[in-house]
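Before any questions on binding or motion, here is one chain by itself as structure tokens, the form predicted on its own.
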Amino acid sequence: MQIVMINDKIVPIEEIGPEYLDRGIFFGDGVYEVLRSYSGKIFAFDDHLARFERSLDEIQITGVDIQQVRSRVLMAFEKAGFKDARIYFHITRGSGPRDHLPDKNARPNFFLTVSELKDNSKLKAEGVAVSTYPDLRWKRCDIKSLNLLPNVLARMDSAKKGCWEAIFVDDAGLLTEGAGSAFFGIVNGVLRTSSLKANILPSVTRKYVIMAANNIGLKVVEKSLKVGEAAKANELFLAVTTRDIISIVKFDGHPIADAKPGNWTKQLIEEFKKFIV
């Protein structure tokens, strides 16, 4: 008989639910998405589902009906009743004995939460401080996987420094992206952000920020900033699904410009709003 121990309770393995044997817990063997809604409407739903489906394909999780995922999201969102909501969901490869090689009979597990988003107008008005952290992540950050321990460590480090977000620095000294955000800089009237080839997530919000920049006549160059360049940039900002565009007013302890949200960033925030009406 195989036994398991959960906290101080010991029971036969047959008596526990499959959620305790989920491969997402053992190996981070799954992928996730985060959506948000504005005034009762989910933003960029198709974009997020397309990215989710790609992530599933990349780690070879099969047997998932994307239209069923869509239906589940909509059902939960309607049930929650929040106008401005954060919707998180993930799918793991399934449950079974702890073995690196998955059980051929394992069926994917689905999990979802819906929470209400609070007003973040103060955050937008004041901006945030960020700090840098070594990019210790794996080489497939294009996959939105559950393996987020480096992101957790980075955010813990930034919080200790009194910062809102951590920005990853790769081995070449280039800034890639935030622990939970896309990263942008404006240098001499040009919007700079890392190329998708720089081992970053294909952020949906990033896509719309670039569209907004094109709409207002701001030139975009997909080229990573060095740490020194960022510290001297005219403006810096983040793009986050649940926060939209957030200005960075302090970078590794250095004030950016006059330590207030810059004019280009303000214009992008206003232009971004046109996508959500």
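Fair warning: this is a prediction, and the values are worked out from it, not measured in the lab. One-based numbering along the sequence shown.
What comes next is about the form predicted in complex with a further copy of the same chain, which is not displayed.
Chemist: Is D135 part of the interface with a further copy of the same chain in the model of the complex - any heavy atom within 4.5 Å?
Modeler: D135: contacts a further copy of the same chain in the model of the complex.
Chemist: Residue-level contact is defined here as any heavy atom of the residue lying within 4.5 Å of a further copy of the same chain in the model of the complex; does R192 satisfy this criterion?
Modeler: Contact check for R192: no, nothing within 4.5 Å of a further copy of the same chain in the model of the complex.
Chemist: According to a 4.5 angstroms non-hydrogen atom cut-off, is L196 in contact with a further copy of the same chain in the model of the complex?
Modeler: Looking in the model of the complex, residue contacts with a further copy of the same chain do not include L196, since no heavy atom lies within 4.5 Å.
Chemist: Is D29 part of the interface with a further copy of the same chain in the model of the complex - any heavy atom within 4.5 Å?
Modeler: Yes - in the model of the complex, heavy atoms of D29 and a further copy of the same chain come within 4.5 Å of each other.
Chemist: Does the trio R86, S115 and L149 actually contact a further copy of the same chain in the model of the complex, every residue with a heavy atom within 4.5 Å?
Modeler: Per the other structure, all of R86, S115 and L149 touch a further copy of the same chain.
Chemist: Please name which of the stretches 106-114, 182-190, 121-129, 200-208 has residues with heavy atoms lying within 4.5 Å of a further copy of the same chain in the model of the complex.
Modeler: Selected range: 106-114.
Chemist: Going by heavy atoms, what in 79-94 lies within 4.5 angstroms of a further copy of the same chain in the model of the complex?
Modeler: Residues within 4.5 Å: K79, A80, F82, R86, Y88, H90, T92, R93.
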